[in-house]
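One chain follows as structure tokens, the form predicted alone.
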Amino acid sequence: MQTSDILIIGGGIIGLSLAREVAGYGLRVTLLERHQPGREASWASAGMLAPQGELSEGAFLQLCLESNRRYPAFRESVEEEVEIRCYHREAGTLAMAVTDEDEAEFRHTYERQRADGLQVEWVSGEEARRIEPALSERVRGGLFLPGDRHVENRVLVPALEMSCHMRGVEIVCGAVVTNVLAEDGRAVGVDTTLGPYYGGTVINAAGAWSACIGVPDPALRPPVFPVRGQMVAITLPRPTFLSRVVRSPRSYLVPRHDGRLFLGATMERVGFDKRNTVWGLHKLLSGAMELFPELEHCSVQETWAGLRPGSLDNHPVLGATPLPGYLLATGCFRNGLLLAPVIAQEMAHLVVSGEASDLIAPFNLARFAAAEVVAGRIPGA
């Protein structure tokens, strides 16, 4: 019988960060990954850490801001442990308006975030072009968000995996979890394609696949589903072409340390289909060239798609469930990379103390049973 203190289902950035954090308390941790750690949504991401990038408010905004505040210490801890630099950038984000509708949307965002006391500045088109000279003359201005960050997720995720190994986490690849096992009204383990695994606590961090895992009661299944995001990588015209993330309502552009530019990302409810489409690639490329016409001469290096774990209200599903010993850490939608530090630390606290902090308590599964929960619109879909 294979037994651990903690079983974590899913080896994305949430599962890896949580496994690393829990192992730091001296607990025996087994992480079960259906393929290879960090090669799904965490790999497909562009690496943006943008707590103010959406019109979030209330508890979710506070969760995002707090995780962003914790990110430098989180990243530095991983870097020091594995001696790998994760290329963190703190240049902020420009959110640029091209049309009347864009400007109205960003003006509304600006006023709302100012009223909330957040760091946000309004810049004219001329000011924006002084910051990023390659911007189109059509850009009429928009937001500067100085608190936004960017990290090289394709470096950070393998670094987290290395850190887990160094802390004694057992990572099992190719283990597709089929069911949660319960005895005497408590979760005791999981069934997988490699056989059963047992543990004192089971945490479902399976991302877009979270609802595919069988549970003793349908009410334990999180309302999480895949949302496809198509991406394109192109060659930067020159190393100094872009110094920070720039986005519009139709696209975002993220300069990478290796001389590439990531363009993203679509929002599509198409099940578990990760294929690129003509429509998706056209949307990304046209949105990028609208902001930077010079990009029409660049070469395409790579295309891919990832499956984000969406939820009914576009917010994460965190904490305990009605089945003792069975916890959830999923449904992070577009914010898994950003939320990794706060979810790992607060969920580890829950595991050790049995108490959910005020930061994650509003995101428990029970909220979906309330009549006032309304299904959220997938932005951009």
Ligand SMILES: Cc1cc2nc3c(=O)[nH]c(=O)nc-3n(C[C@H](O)[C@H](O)[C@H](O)COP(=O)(O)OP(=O)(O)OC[C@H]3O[C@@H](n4cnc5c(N)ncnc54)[C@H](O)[C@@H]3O)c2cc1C
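Computed from a predicted structure; not experimentally measured. Residues carry their position along the shown sequence, with the first being 1.
Not pictured, yet referred to below: the form predicted in complex with the named molecule.
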Contact of residue 33 with the named molecule in the model of the complex (heavy atom, 4.5 Å): yes
is_contact(residue 332, the named molecule) in the model of the complex, heavy atom dist at most 4.5 Å: yes
Partner contact for residue 337 in the model of the complex: the named molecule, 4.5 angstroms, heavy atom: yes
Any non-hydrogen atom of residue 265 within 4.5 angstroms of the named molecule in the model of the complex: yes
The named molecule in the model of the complex: contacting segment from 199-207, 133-141, 290-298, 117-125, heavy atom within 4.5 Å: 199-207
Proximity to the named molecule in the model of the complex, single hit among 175, 236, 220, 171 (heavy atom within 4.5 Å): 175
46, 312, 27, 348 - the one with a heavy atom within 4.5 Å of the named molecule in the model of the complex: 46
Sequence-ordered list of residues in 134-160 near the named molecule in the model of the complex, where near means a heavy atom within 4.5 Å: none
